[in-house]
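One chain comes next, on its own, written out as structure tokens in the form predicted alone.
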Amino acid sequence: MNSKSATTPPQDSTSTHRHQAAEPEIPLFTRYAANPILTSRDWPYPINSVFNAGVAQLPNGETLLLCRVEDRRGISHLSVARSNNGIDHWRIDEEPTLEANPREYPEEIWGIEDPRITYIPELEQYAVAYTSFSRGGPGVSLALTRDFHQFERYGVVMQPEDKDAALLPRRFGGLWALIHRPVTSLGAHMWISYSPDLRHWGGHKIILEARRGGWWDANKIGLCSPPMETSKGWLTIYHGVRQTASGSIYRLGLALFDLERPEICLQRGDSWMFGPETAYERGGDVKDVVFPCGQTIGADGDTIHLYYGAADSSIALATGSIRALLAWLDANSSPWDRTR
């Protein structure tokens, strides 16, 4: 957590000139020591890179990653990796699991990217929201699956330019809810939209704005992994993009949304809480990027296993706690103000 406490210096002749010592900051997420857990070298066929994986905890206890795989043309598809412990001994599909199909879905002409997976109990299926890359730019597409072998494509549900989408796992007032990030004349903010059938969407509302000026999340933000349902609200990890003289930095922040009215933001952290630090996060195809598209929650209902893309080149793992994230938000948020 971010809080720091002071210790009292000994009362000697130089004590008045000493700075008070501070306890070291405790990170909210601890990186797995053997990161990254998946790289292009692990793939059963030639690729350029693997990153930004959607995540599902299967009924048999396996962890499934639906990975974004960029081939050597620069076109992305999705590929499944499974592990009994969610850490190692990954079993990777011998061929691409879900490829772009531009003949039937022309919005996928330049590939499919960055999936987020939500299990929908009412449908007894997994919803996969992913970015379809068309001539008009990135849009949001949706597919349903029971087994990650067969997929029912719904096609594009949010037109370009739009991405960073995830479906919430239940209805609100009879309507499904999708969080996404369109780029409009208003900027690059997080929105929510509602649908009776997963095909026709309306009720569009901004739920979190990119801040202005010099903030770490000024000008451009977006959803990371699907929101986590807690007793206090939908705990949401989002990314902010800081533009610097040497390029962009992708860091992670936290926000909390109302359980029954998810368009209402209850809390938003003022500072970022996880950012690129290690060599595999700071160097790669796109330097200075940490970008999670999914997590699993441990049997204790608290432990988070966060799977994130590192520098658009590999997949890494970090572990955190729901209770610690909520406590951090309490200590590091101000009343939310749209105008900042």
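Source: prediction; values computed, not measured. Note that residue numbering follows the sequence shown and begins at 1.
The form predicted in complex with a small molecule exists for this protein as well; it is not shown, and the discussion that follows is about that form.
- If you check the small molecule in the predicted complex, you find no heavy atom from any of Leu186, Asp217 and Arg242 within 4.5 Å.
- Among the residues Val286, Ile37, Ile304, Leu64, the one placing a heavy atom within 4.5 Å of the small molecule in the predicted complex is Val286.
- When you look in the predicted complex, the only residue of Phe257, Tyr130, Tyr238, Tyr250 with a non-hydrogen atom within 4.5 Å of the small molecule is Tyr250.
- For the small molecule in the predicted complex, the listed stretch (38 to 46, 287 to 295, 274 to 282, 56 to 64) containing residues with heavy atoms inside 4.5 Å is 287 to 295.
- For the chain shown alone, Arg268 is not a contact residue for the small molecule in the predicted complex, no non-hydrogen atom being within 4.5 angstroms.
- In the predicted complex, none of the heavy atoms of Tyr308 sits within 4.5 Å of a heavy atom of the small molecule.
- Contact check for Glu107: no non-hydrogen atom falls within 4.5 Å of the small molecule in the predicted complex.
- Mapping the unseen interface onto this chain, Lys163 counts among the residues with a heavy atom inside 4.5 Å of the small molecule in the predicted complex.
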